[in-house]
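Read the single chain below, which is given as C-alpha cells and is the form predicted on its own.
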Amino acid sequence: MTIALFLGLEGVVGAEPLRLVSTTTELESLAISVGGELIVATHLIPAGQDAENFQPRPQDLARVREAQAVLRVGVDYDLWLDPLLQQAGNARVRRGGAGYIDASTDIALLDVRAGGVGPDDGHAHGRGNPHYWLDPANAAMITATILEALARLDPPNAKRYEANRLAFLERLDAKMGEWKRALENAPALIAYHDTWPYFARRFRLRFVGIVELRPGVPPSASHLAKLAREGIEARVGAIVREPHEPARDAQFLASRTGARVAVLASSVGAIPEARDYISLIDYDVRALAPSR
C-alpha cells in the first residue's frame, strides 16, 4: 500500500493513511473514490438505517476523536454530529478545522423553505431536501469538495487524489446515458418518504404523492385513501419505499392502484446490490425501469 503523509494542525502525524470518518455509507464510498488507498474511510450510520433519527454510540465518539477528517451530509440531515464533535475534543474536525468537510458545500438544494421543526413536524427538511447525493450529477460537486479537503490535508498527494476523482467521474459519465435511457417513459410514482426529488429531477420522473403526512409522521387513513384515488387517476406504476420503511402502506396503495411496490435504496449497503455509489444508483435505476 502506498503510504500517505498527513499534515495536520500539529504538523506531521505519521506515515499512515489518512483516517476519514463519514456520517453515511454513500459519502464513505465517494471519499474512497477520491482517496483510494491513501485513506482509511469508515462511516457512523449503519447501512440501511434512518440517518435522520440516528443516535451515536460510544464507539462513534472514539472514531471521531481519532479522525483526521470528518465528512458529513449537512443540511440538517446529521445534526446529531455537532454534539459528537464537541464531545470528541478533536479540534481538527470541528467546524472550521482543517479536517471538517461538509459535502453539501456548493450543492444547489431543492425544497428550501423557511421554518423549523415543531413538536409534531417530524424531521422536517427546513433548510432544503438533504438527499442531494441521489442526483449522480451532484457526485461531481461532492467529490470536488472531498478533493479540496484531502489536498489541503495531504498536499504531497494532491495530484493522486485529483487523478482518482477524474477516473471516478469517467466511470460515472459512462453510466449516465445508460441510466437516462433506462428510465425513459417511466410511469408516475408515489414515494413513502420525500427522499427522491434530486433523483427525479435528474431522470425526469414524476412523483405524484408522498405517503407521510409530514416527514417522520405516519399517514392517516384519509390521506392514504386520497393517495389511492390520485394514484389511480395518474396511472401510477410503482409505490416506492426503502427497506427500513413500513411495507404495509406501500402494499395497501399498490393493491388499490394496481401498481407494483419498488424497494429502492438511498444508501450504499442498504441492499446487497448497492456495494458502492455507482452500483447504488444503478440498482435504483434498474428497480424503476419500465419493462421493455
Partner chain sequence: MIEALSFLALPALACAALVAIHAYFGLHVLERNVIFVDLALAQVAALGATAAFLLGHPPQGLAAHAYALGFTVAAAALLASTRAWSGRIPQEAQIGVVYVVAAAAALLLVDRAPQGAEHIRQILTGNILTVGWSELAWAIALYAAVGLAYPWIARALKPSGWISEFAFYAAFGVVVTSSVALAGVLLVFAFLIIPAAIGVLHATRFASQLAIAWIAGTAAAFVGLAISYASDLSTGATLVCTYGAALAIAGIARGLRRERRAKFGAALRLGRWLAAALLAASAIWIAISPRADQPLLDSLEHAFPAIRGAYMDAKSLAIGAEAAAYGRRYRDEADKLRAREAERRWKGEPLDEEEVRRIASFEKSYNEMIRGEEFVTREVRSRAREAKRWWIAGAFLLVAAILAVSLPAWRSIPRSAPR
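Residue numbers count along the first chain shown, from 1. Fair warning: this is a prediction, and the values are worked out from it, not measured in the lab.
Keep in mind that the form predicted together with its partner chain is missing from the display, and what follows is about it.
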Its partner chain contact in the model of the complex: Gln49, any heavy atom under 4.5 Å: yes
Val73: touches its partner chain in the model of the complex, heavy atom cutoff 4.5 angstroms: no
Heavy atom of Pro246 within 4.5 Å of its partner chain in the model of the complex: yes
Interface membership of Gly209, its partner chain in the model of the complex, 4.5 Å heavy atom rule: no
Site check Asp111, Met141 and Ser222: each within 4.5 Å of its partner chain in the model of the complex by heavy atom: yes
Within 187-214, the residues that have a heavy atom no more than 4.5 Å from its partner chain in the model of the complex: Pro197, Ala200, Arg201, Arg202, Arg204, Leu205, Arg206
